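What follows is one chain in structure tokens, specifically the form predicted alone.
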């Protein structure tokens, strides 16, 4: 299930991407428009800024802005930043692999085989979609 953090992060990114200008967007504007608790949103936007997806500007005309064009922001990057590993179990993760304690042989494990297929399907969707694709922004 998608966490609220990820859902709100996607809504905030979409809101910023749909802006007609590249001017920074204030947190309160995003929070009010998207009905996201402001304190929670601040934490999410800070995470996205630290990852390099967003930039920020301080001051009266400050706020958050996209560091790249929406078509360059892949959903794999956003999902990994907000949600963590894409794989549902660590034994099939590409970036966070760990052997399962309760599995003596991954090659014979039916869960492993199923989760590999789920991971690959999920990655295909995320890799083939950018912020521009689901925000409706044409560049």
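Positions refer to the first chain, counted from 1. These figures come from a predicted structure and were not determined experimentally.
Another form exists, predicted together with another copy of the chain; not displayed. Remarks below refer to it.
Using a 4.5 Å cutoff between non-hydrogen atoms, residue 90 counts as a contact of another copy of the chain in the predicted complex. Interface residue remark: residue 19 is not counted as part of the site for another copy of the chain in the predicted complex, having no heavy atom within 4.5 Å. Contact check for residue 10: a heavy atom falls within 4.5 Å of another copy of the chain in the predicted complex. Residue 23 falls outside the set of residues with a heavy atom inside 4.5 Å of another copy of the chain in the predicted complex. Proximity to another copy of the chain in the predicted complex, taken as heavy atoms within 4.5 Å, picks out 103-111 from the listed stretches 61-69, 103-111, 23-31, 48-56.
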